[in-house]
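Next comes just one chain, in structure tokens: the form predicted on its own.
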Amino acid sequence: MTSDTTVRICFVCLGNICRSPLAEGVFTDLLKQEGLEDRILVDSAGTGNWHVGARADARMQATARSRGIELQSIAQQFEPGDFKHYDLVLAMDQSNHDSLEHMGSGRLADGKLRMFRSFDPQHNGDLNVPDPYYGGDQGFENVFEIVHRTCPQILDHIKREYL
């Protein structure tokens, strides 16, 4: 690809109020630090529609804010046609991946759909980012740590493969 290439990625979880908006926020912050926010466009979405139009969960916002990251996303639902708009779609857990795979049956998802934690150097065979929604504060901290260490690996992949 050429130096003026724009890459579009989407992080996807279940309701788009915890894991995927955090990944979007952390990744956006990383892009700003690297001066790549005009070359790589970032979104997040959910496989479900329960929270469409809502801001990120207040507990996830507080966790991110305590680390200097503001979560600006508004929840939206991933639709089958969205695969046309993204170069890379990253599922936060196997259930999300299965739903996305079903949506993108055929060629739509080919080569675009990956597990988020497949880039995590510490996944130890567990490719699921745990959903902290029904847990306590430690669950949100744990998800932040996973996302924070994985996003730079994803950026390295994008630089190698797309830019």
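The first residue of the sequence shown is number 1, and the count goes up from there. Predicted model, so just to flag it, every value in this text is computed and none were measured.
What follows is about the form predicted together with 4-nitrophenyl phosphate, which we do not show.
Q: If you check in the predicted bound form, is residue 51 within 4.5 Å of 4-nitrophenyl phosphate, heavy atoms only?
A: Yes, residue 51 lies within 4.5 Å of 4-nitrophenyl phosphate in the predicted bound form.
Q: Is it the case that residue 119, even though its partner is missing from this view, gets within 4.5 Å of 4-nitrophenyl phosphate in the predicted bound form, heavy atoms only?
A: Taking the distances in the predicted bound form, the answer for residue 119 is no, it never comes within 4.5 Å of 4-nitrophenyl phosphate.
Q: Flag residue 155 as yes or no: does it have a non-hydrogen atom within 4.5 angstroms of any non-hydrogen atom of 4-nitrophenyl phosphate in the predicted bound form?
A: Close contact is absent here: in the predicted bound form, residue 155 is far from 4-nitrophenyl phosphate, nothing within 4.5 Å, heavy atoms only.
Q: Should residue 10 be counted as a contact of 4-nitrophenyl phosphate in the predicted bound form, where contact means heavy atoms within 4.5 Å?
A: No, residue 10 sits far enough from 4-nitrophenyl phosphate in the predicted bound form that none of its heavy atoms falls within 4.5 Å.
Q: Going by heavy atoms within 4.5 Å, which of 61-69, 110-118, 25-33, 126-134 lines up against 4-nitrophenyl phosphate in the predicted bound form?
A: Residues of 126-134 come within 4.5 Å of the partner.
Q: Go through 10-40 residue by residue and record those having a heavy atom within 4.5 Å of 4-nitrophenyl phosphate in the predicted bound form; state none if no residue qualifies.
A: Stretch hits, in order: 13, 14, 15, 16, 17, 18, 19.
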